[in-house]
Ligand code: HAM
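One chain comes next, on its own, written out as structure tokens in the form predicted alone.
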């Protein structure tokens, strides 16, 4: 019987694991230098946590289980609800703003396609406890900081910024009721992803008339703040949303991230809990799913039983990101190859005990070291050292060692004690 991996999951063989570790190390490095602290939460929660936050439609995406006590549980499809639960539990003692990040493994029971799997990793960055535009700017800047960190330029990726609040104002200016607005928002989010004919069909199904559809399309196609204010009907809420966007873009330019960012009112975000600025990161060609997405969600803590607290953040999945990095050849060569600091070779079989001793000494000093289990000719062991991407091949003899730097071919003869005293490792910094 042959048992296959579950559909929508990945086996991380060493070559894929190196790429995953490289991505996650960059996520962590960028988070920490932008002042965020790391957290995590259980991999399963009560289903109500997710359906309360994202609505009953999320139920179809949950992997459910029942524990021995008969309690219904769900594997987390996202971590933001867990974040809100954790913050609510200690809201009075946590200093604000709360700047946290996480890199959880998530599972969603979705139809698999390119860029979408049922199991994936996601970088989550959130600021809780601030209503200020600077908090939104920090989230977007941190995403841009990572994009730069991995070598993606404005020619490769774009951060498209919209406003849920401004979109709501435009819908109301077009004559939609509050109920119709809520039905229309998910439809507007699909506009860039479906044909014009399909969009109009969905819009009519959501209760929008022909003139309303035209009005909202004109709004979504605006790329100038002045024109957006007019298209949104000039309401006080609309004007406030325009001013927020103006401040946000100015702040991002001041922080040095402006060249990555552009206004795009077609960015609405499908989930109902977004309340203000929203954004998504796409490859410049627009040939892939969103690399990341997020925005302001000021009502979430309150919905989950806590106080009304300003919050904003984003998530970046590893699946689309990995495809983009591969397409743009951004993975470093040393990530795609196995590597070890030292590969030890016994010149004669009688030297093997000394090889084992030196390997232990090197590893104890923080260097990575490996050797052949089987006794083989020196030439074959040198080939294995090259295959393993070793920095140095160390040939152990009865009277000392020969240390060969494989990149240059330079070789020196020293005593075993001198070799150990001068050995250093690189793995701790990788």
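Note that the coordinates shown come from a computational prediction; the quantities given were computed from them, not determined experimentally. Numbering follows the first chain given and starts at 1.
Just so it is clear, the following notes concern the form predicted in complex with the ligand, a form of the same protein that is not shown.
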Just one of 219-227, 285-293, 195-203, 155-163 has heavy atoms within 4.5 Å of the ligand in the model of the complex; which? 285-293
Is there a non-hydrogen atom of residue 313 within 4.5 angstroms of a non-hydrogen atom of the ligand in the model of the complex? yes
Taking the ligand as it sits in the model of the complex, is residue 108 in contact with it (heavy atom to heavy atom, 4.5 Å or less)? yes
Could you tell me if residue 319 has a non-hydrogen atom within 4.5 Å of the ligand in the model of the complex? yes
Residue-level contact is defined here as any heavy atom of the residue lying within 4.5 Å of the ligand in the model of the complex; does residue 99 satisfy this criterion? no
Can all three of 78, 117 and 126 be found with a heavy atom no more than 4.5 Å from the ligand in the model of the complex? yes
Could you spot which one of 245, 309, 271, 187 gets a heavy atom to within 4.5 Å of the ligand in the model of the complex? 271
